[in-house]
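In the block that follows, a single chain appears as structure tokens, in the form predicted on its own.
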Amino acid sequence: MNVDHLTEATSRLLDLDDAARIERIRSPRWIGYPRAKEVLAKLEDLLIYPKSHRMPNLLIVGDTNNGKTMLIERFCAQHPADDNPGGDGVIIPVLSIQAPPVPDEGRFYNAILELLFAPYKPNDRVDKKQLQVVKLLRYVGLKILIIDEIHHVLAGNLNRQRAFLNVLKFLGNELQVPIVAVGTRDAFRALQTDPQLANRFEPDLLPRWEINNEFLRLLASFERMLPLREASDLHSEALASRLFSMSEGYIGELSRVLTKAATYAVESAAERIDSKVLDRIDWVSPSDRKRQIDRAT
């Protein structure tokens, strides 16, 4: 059997039974496309940036389901916590946290303390939690603080937005570590409400994909990681155009389409993704989903 369409590691998965192969198909996978590698390189630079009174910060902006969270998870996986058995305590170079659904300083500190498995009383005064958070983040040797879903800031009134943004300024100044904010385009608008903070964050856009050579290379990369016995030639003109239309240029949607299609290809013994398989996976595009919801409401 010719397995030139697969990576060596993926080809070994063909020895698994169908259920195990489907499990691997549905597991998260990392595709190191050029734009993602550029952002990861910037994060690596921030990781080793010397402490100063004005640390550089980064704002990663992209549409929903366009790879932001996967990119952050990749970076965190490359810099995991170290139990540091020979030292005084655990070392956590990178801490990633999701912004609370509304801009609330107390809930934000609660979430950090929970991530650090630190005991605290939810009803404690905010200033007490703040002191505990700063002390702990220094103790674990934090080098980068990542805040995902930062656009949640806009869920509060202007005063609460300003108060929460002041927390970011305080932590950046007090800890002297870079802060990486991650969110939709609304995240840029959220940070613009504080001109001083806006100047500290360098925006970095993860744009929607276009149907070009980079997209074709992305499809080829996906194919090499899907354990199917036959080549699908996803980068062929007809399939590439179809997949682009189904995903509408969102890498998260593309991943879901290919996961469903590859699963069906195993279950049906087709062992490849073609137009017939794509016809049968009952896929609804993001725009059509939105229209269905709009009609229902």
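Quick caveat, the model's predicted, so the values are computed rather than measured. Counting begins at 1, following the sequence as shown.
As for the form predicted in complex with a small molecule, it is not shown, yet the points below apply to it.
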Exercise. Could you work out which of S232, N66, N57, S247 is the residue within 4.5 angstroms of the small molecule in the model of the complex, going by heavy atoms?
Key: N66
Quiz prompt | Listed residue (F75, F215, F222, F164) with a non-hydrogen atom within 4.5 angstroms of the small molecule in the model of the complex | solution = F222
Quiz prompt | is_contact(R35, the small molecule) in the model of the complex, heavy atom dist at most 4.5 Å | solution = no
Quiz prompt | in the model of the complex, I251 touching the small molecule (heavy atom, 4.5 Å) | solution = yes
Quiz item: Should R29 be classed as touching the small molecule in the model of the complex when contacts are defined as heavy atoms within 4.5 Å?
Solution: yes
Exercise. Indicate whether S236 is a 4.5 Å heavy atom neighbour of the small molecule in the model of the complex.
Key: no
Quiz item: Any chance all of M70, E149 and S255 sit within 4.5 Å of the small molecule in the model of the complex, going by non-hydrogen atoms?
Solution: yes
Quiz item: For the chain seen here without its partner, which of 264-272, 237-245, 42-50, 58-66 has a heavy atom within 4.5 Å of the small molecule in the model of the complex?
Solution: 58-66
